[in-house]
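In the block that follows, a single chain appears as structure tokens, in the form predicted on its own.
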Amino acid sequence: MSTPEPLVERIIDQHSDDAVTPGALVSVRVDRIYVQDGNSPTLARLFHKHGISSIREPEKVAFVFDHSVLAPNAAIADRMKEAAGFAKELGVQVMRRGDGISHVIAQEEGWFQPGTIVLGSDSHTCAGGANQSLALGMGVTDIAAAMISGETWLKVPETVWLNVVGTPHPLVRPKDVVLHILGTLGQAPFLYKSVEWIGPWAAALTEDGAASVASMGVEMGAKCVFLPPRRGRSSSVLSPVFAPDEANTITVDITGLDPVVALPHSPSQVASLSDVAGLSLDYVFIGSCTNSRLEDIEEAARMLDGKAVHPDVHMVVTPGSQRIMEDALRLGLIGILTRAGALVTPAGCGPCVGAQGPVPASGDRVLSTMNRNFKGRMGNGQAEIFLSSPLVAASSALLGRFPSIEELKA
């Protein structure tokens, strides 16, 4: 039987002159780099400290302002100004505040091409795996070195194939499946691994659904993730060469799986929707790089069409990009949401990280479609944050509480 050739090893081999085997430390050439506003001022200080004023290939670098689209105070406004000035000094592409989340923009702009290596200064850069790009979130020092040299180093990860089979409840969405896997398997099988999603479920995902799954690779503990190419978008470079290694394949049967939620304060603390049905809510957020795409907003709007958000619920919707915002406006989705009582904000990360409002109040019970719900994640450690799909979130906003499965159908 042939030894499998994992996708991550094929991509690294095309970008490195080193021997590529799992566990080896290698240097690789980088195709694209992007920096987000949360750490760009730190990057600027690092460059200035060492007297560095230029980078190797400025045309391959972009700065994205997404974490603090609406600066909540003078300190953050000053940081944004500093970051913009630094980007101008380097002569790199700069995306405006409100253009969107870095990872969503990266997909829209074609920065994530199959077989490329892309670095981002944000942990959810792994979203590029939806486009078969080896997309790696890195810290400021590694990003700075890559900007200067055009290369980076990494330890070649082992590969695990994640085979999802079976047919879940018709109201189960990609977010439910990822949360279910985290809840049942935890991070241990995936730590510093390259996770290749295979099987009929992964192959049938929409582009938006695949991006949602890929963005949560870091929550799984993976070094990188890869989703199958969408139909009609295969690449000969990335076509499977060997069948997956059965010894390193994990099969997850989602037959009969119901919608789920993650309980405070971990994405792996997962319960069935039935277990929390009836629990009241104060705040519902639909957005983040995991669930802010047109498919997500459209599903929420369909649920809210002609109805009203519960009077006790503060509902916030943040599109992932200006392009998504424009498409949602053209389709009438934004009007549906606002007429129902939702607050629609400019495109960006929104309240996900807590760097800007709307911040939940102390004691608030929040239901969010973002990727993680660590204590204090949205800017207030005294709030409880649950995670779900946009479908469950929109239904909850209407009811003022978690729905039952039967109510979700309605």
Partner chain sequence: MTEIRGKARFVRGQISTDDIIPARYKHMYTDPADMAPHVFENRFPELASSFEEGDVLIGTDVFGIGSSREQAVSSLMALGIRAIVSPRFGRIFFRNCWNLGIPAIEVDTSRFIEGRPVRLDLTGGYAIIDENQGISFPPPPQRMIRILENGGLLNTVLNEAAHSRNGI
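Positions refer to the first chain, counted from 1. Keep in mind that this is a model prediction, so the values were computed, not measured.
The form predicted together with the partner chain exists for this protein as well; it is not shown, and the discussion that follows is about that form.
Exactly one of the stretches 314 to 322, 172 to 180, 134 to 142, 200 to 208 approaches the partner chain in the predicted bound form with heavy atoms within 4.5 Å, and it is 134 to 142. Remark: residue 368 does not count among the residues lining the partner chain in the predicted bound form, judged by a heavy atom distance of 4.5 Å or less. In the predicted bound form, residue 361 stays away from the partner chain, with no heavy atom inside 4.5 Å. Contact check for residue 97: no non-hydrogen atom falls within 4.5 Å of the partner chain in the predicted bound form. In the predicted bound form, residue 73 approaches the partner chain with a heavy atom inside 4.5 Å. Between the partner chain and the residues 280, 251, 187, 274, the one pair within 4.5 Å by heavy atoms in the predicted bound form involves 187. With the partner omitted from this view, the residue of 344, 353, 62, 55 that lies near the partner chain in the predicted bound form is 353 [heavy atom within 4.5 Å]. Heavy atoms closer than or equal to 4.5 Å to the partner chain in the predicted bound form belong, across 366 to 386, to the residues 372, 374, 375, 376, 377, 379, 381, ordered by sequence position.
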